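Let's start with one chain on its own, the form predicted on its own, as structure tokens.
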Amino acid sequence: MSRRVVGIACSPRAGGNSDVLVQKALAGAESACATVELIAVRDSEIAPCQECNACLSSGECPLDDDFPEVLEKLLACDCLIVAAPIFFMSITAYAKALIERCQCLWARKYVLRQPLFPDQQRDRRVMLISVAGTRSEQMFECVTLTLKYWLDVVEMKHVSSLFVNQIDARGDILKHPSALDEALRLGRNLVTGPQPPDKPEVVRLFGGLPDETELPGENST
């Protein structure tokens, strides 16, 4: 059976740099015979969590918008590719709203003690893609930490990250084929790799340097 891979684009800009990378990663997964689908959060109506606490008793979010449809796909997939660019040293509002609404899953797991997958243990994996416009090597710490706690709730294992810095204007990423190649490779490995590693593979690239200086892939917490 082919693995089901969902890409989640969290940029407000259609066709931007992170969109290009998530589509390339999905192409890598598809080359490994996975079934792929792209969800652009900007095209969905997903309000942020209202902290009404209704989910603490029901395990469900009462807000009436597109979140249940996205959540259904998130829970059904085997692999997830999250593309979340950095705005003001944090993930975009689109990404944060989606993550916040998963408070209902936290309530199911830790308050109501209801397993997300009661009939089986599943090998569910995540690849993270993030781009930013400055040189700071600390730029991606925020998204890594947010992802860590979110993945605990959605019961997925962080397999790899692709971070590309000094990428800002639309189309900048197309000038750096190494980033496109890494997205393709990591997308394929997300599907074909053995059991997820204890620590994710992290690839850091600096797109704006004249010689396209690249830091090699490393293992990170």
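A quick note: this is a predicted structure, and the numbers were derived from the prediction, not measured. Numbering starts at 1 and follows the sequence shown.
Quick note: we don't show the form predicted in complex with a small molecule, though the next part is all about it.
Annotated contact segment (heavy atom within 4.5 Å of the small molecule in the predicted bound form): 88 to 96, selected among 72 to 80, 144 to 152, 88 to 96, 108 to 116.
Although the partner is absent from this view, residue 19 contacts the small molecule in the predicted bound form, with a non-hydrogen atom inside 4.5 angstroms. Using a 4.5 angstroms limit between non-hydrogen atoms, residue 11 touches the small molecule in the predicted bound form.
At the 4.5 Å threshold, heavy atoms of residue 134 reach the small molecule in the predicted bound form. Remark: residue 168 counts among the residues lining the small molecule in the predicted bound form, judged by a heavy atom distance of 4.5 Å or less.
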